[in-house]
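First comes one chain, alone, set out as structure tokens in the form predicted on its own.
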Amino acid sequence: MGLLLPMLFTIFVALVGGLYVLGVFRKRRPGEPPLDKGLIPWLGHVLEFRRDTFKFLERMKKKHGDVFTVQLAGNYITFLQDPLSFGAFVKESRKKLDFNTFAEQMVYRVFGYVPIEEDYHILHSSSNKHLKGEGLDVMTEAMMSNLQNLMLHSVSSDQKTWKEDGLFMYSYNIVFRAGYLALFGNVPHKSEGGEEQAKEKDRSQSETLFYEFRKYDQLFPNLALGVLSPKQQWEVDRLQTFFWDAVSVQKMKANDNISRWVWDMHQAKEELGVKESNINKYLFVLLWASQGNTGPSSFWLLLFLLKHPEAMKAIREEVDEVLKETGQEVQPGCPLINLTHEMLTKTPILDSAVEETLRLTAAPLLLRAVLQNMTLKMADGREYFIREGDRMGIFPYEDVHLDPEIHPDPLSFKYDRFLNPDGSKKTDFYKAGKKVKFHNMPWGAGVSMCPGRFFPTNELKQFVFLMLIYFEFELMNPDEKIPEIDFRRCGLGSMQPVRDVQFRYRLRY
């Protein structure tokens, strides 16, 4: 009897502790948002959330209003869905809402990289220096050279010869490979015995890299949520090992034309004493962050242009005029065009079409760790108490991008939606008679806004510009409907289609 009571007490404490961890005792306190824990202890709503984030948040908003707390795999996340109140989330002190905590956990789980304290400063400093302004001029030149190597080498000079492909795979393949080569460098001419041999090796190596990356990319949604099957986990482990070697410091150092963006970050970590094996993992992070979204976005933009002839006509005329102003032309026997960053600043119609494409197909989920008890102040005066240890999030795709009050007829592609009547960029959008500051958020906002966003935007514009200048292209089935979006990728950036679309292309001249 003497031992029985302590044993029973221990079991009781363990049971209570387990129930606490499972969230059984969590109750809504006065002043807190509505709480919805779901029916499954600890897991809560994570299965529905993973299956279709968009529909889940839409259902929660109808049930609870524009602020609510849900349980997802042991985490309590308060979602804010009033776009007029987004400033309270974006501008809140990092002492209360912290992005880095969540980001560090994610990059370790997904890429195996162990973050260091200086990561944020190194990334932002290098991005500001090399992915905008004069640095972007250099990157544009490198991207142009690699795009033309990949796009033109196998196309017949016979204008009547059509090549067929899947539009998604073609776009993703070309943009990913050109971006990879622009960032991580090219095979040296001397090592291969000449320029053409080196270009051929660039093409073959980048092709192999892309198809391995595509395998990893398809596993990414489950990997990010931590719900891989044993077989999938084995494949992820294999692919991670492959990429840690493929983009390693030693492999990179053997190349020519390495971007200063990548080189400076590698050098900064080296000087801080970071192990080379961990730097290799960080280089894999950079590859995914820079190239994981641009290819899919390129697909959507080309598809929208193919399905909207008036948009195709307006943008083709614009790029033809920009080319004409530089005295260049595309004709058999003429030099390849020199597409500069300055030329890409003279395309307001293309800019609007890019922004519209991202509005319709980019769905980032912005999450913050709540480091202190805090009060969320809404634009209409309401206040909610948010607990330390929880998380907060916003999902602008549903709350802003597809809001019919902010963007009338939100599911339609309107290439000039972000243009004023005089052709200038439109930035004034309204909800309930009030101007919406965050009217399009494909790159996030605040401290989590993508610091290198100017480079992928430039990549996307370069690719489409060159497609319009060099090629005629059309859908194999002009009446084919635009494929549905795969909503399992909600929250991870640019979404992808549930199926590919066949098209054909040939030289324009």
Ligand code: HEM
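One rule holds for the numbers: they count along the sequence shown, beginning at 1. Note that this is a predicted model, so its numbers are computed, not measured.
The same protein also exists as the form predicted together with this ligand; that form is not shown, yet it is the one meant from here on.
Stretch 123 to 131 is the contacting one of 164 to 172, 73 to 81, 410 to 418, 123 to 131, since its residues have non-hydrogen atoms within 4.5 Å of this ligand in the predicted complex. Interface membership of residue 112, defined by any non-hydrogen atom within 4.5 Å of this ligand in the predicted complex, is ruled out. Using a 4.5 Å cutoff between non-hydrogen atoms, residue 450 counts as a contact of this ligand in the predicted complex. Among heavy atoms of residue 33, none comes within 4.5 Å of this ligand in the predicted complex. In the predicted complex, this ligand lies within 4.5 Å of some heavy atom of residue 443. Of the residues 180, 86, 261, 244, just one reaches this ligand in the predicted complex with a heavy atom at 4.5 Å or closer; this is 261. The partner is absent here; in the predicted complex, the one residue of 384, 429, 220, 99 having a heavy atom within 4.5 Å of this ligand is 99. In the predicted complex, no residue of the candidate spot (145, 149 and 336) has a heavy atom lying within 4.5 Å of this ligand. In this stretch, 491 to 506, the one residue having a heavy atom within 4.5 Å of this ligand in the predicted complex is 494; the partner itself is omitted from this view.
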